[in-house]
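There is one chain below, alone, in structure tokens, taken in the form predicted on its own.
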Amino acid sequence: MLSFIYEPLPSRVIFGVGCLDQLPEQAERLKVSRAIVLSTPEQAETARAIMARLGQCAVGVYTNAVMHVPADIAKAAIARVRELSADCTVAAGGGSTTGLAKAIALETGLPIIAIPTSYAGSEMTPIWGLTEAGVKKTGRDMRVLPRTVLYDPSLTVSMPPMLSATSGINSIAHCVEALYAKDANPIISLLAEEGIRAMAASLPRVVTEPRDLTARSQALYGAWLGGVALGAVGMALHHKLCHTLGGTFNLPHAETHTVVLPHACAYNAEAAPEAMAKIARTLNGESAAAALYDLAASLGAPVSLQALGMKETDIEKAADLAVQNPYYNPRPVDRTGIRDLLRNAFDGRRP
């Protein structure tokens, strides 16, 4: 007998090529008049262009967002927000920028308008993360859920092909873990399967023809579904490992998800057979783990932690950290198994 709880999150989504034109209208709808636009240094030009679109509604930009939201960066951004008396943040970029907006919201309660330029999915979740003293802490708080999200596929065409591939597989990871989450439910499972399908079908075209708006639209649609899945149910071992590796060893976020995902699936395969069967079927693969590895390899994405700059001597420390305060996982988390998983991921072995 089915038994579940499903609680949709209260966010407004506007999707389509050119929907960025609606930004001033959406700011007005939220009754904000002093927005600060956030971005990474690499996307500062985009931030300034969005500030120009907002006109008198914008009071400035902050372009120092970086990966994993270091606490000192968050503190500096909050100080800038208060200096400008901002009443809203506009996050223009990927997970790093959205994460910074969430850190600001966690402290100040300011509403967020998110304008994704990658497939991170953070814009659809109430999940925040902060890194301090080499440890990344995460939590859930409805104050950090963006109020409005503008998904304009034209903003993703400049994303480099390889970043598109790894960002896309990061989105697939949200869908994969939603299928065996402790609080999984039929609605999110349907969305998760569709997210895997849409992303896997579009990524090969996105990598070879980055300016193909049809492929970009399908990938961004898949990313939205991955974000919905990530926001609606809890994640498991894969995300714990990636947060550990990213926060402690400063490994790149999307690339780390890409490398670890097949091995996390292999670890959980026997404990979550129905979820694995759905993933394998959706990817037309022999097994979920092998199909995910083959997808990454076919896109030219990295398949080993060594390729990301991790040191072999870091494996033991990573295993120690991963078993501390573990997330829910369908298979019990034990250090020997995690160490073997990390060794396989470090070497890039096909599961």
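These numbers were taken from a predicted model, which means no experiment stands behind them. From 1 onward, residues are counted along the sequence shown.
Separately, the form predicted together with a small molecule exists; it is not shown, and the next lines address it.
Participant: Tell me, please, which stretch of 300 to 308, 50 to 58, 64 to 72, 280 to 288 lies within 4.5 angstroms of the small molecule in the predicted bound form when heavy atoms are compared?
Facilitator: The contacting stretch is 64 to 72.
Participant: Can you pick out, from 160, 273, 134, 186, the residue that has a heavy atom within 4.5 Å of the small molecule in the predicted bound form?
Facilitator: Exactly one listed residue reaches within 4.5 Å, namely 160.
Participant: Between the options 241, 196, 230, 203, which residue brings a heavy atom to within 4.5 Å of the small molecule in the predicted bound form?
Facilitator: Residue within 4.5 Å of the partner: 230.
Participant: Can any non-hydrogen atom of residue 42 be found within 4.5 angstroms of the small molecule in the predicted bound form?
Facilitator: It does: once the small molecule is placed as it appears in the predicted bound form, residue 42 has a heavy atom within 4.5 Å of it.
Participant: In the predicted bound form, does residue 95 have a heavy atom within 4.5 Å of the small molecule?
Facilitator: Looking in the predicted bound form, residue contacts with the small molecule include residue 95, since a heavy atom lies within 4.5 Å.
Participant: Residue 120: heavy atom within 4.5 Å of the small molecule in the predicted bound form?
Facilitator: Because a heavy atom of residue 120 falls inside 4.5 Å of the small molecule in the predicted bound form, the answer is yes.
Participant: Would you check, heavy atoms only and a 4.5 Å threshold, whether residue 102 touches the small molecule in the predicted bound form?
Facilitator: Contact with the small molecule, yes.
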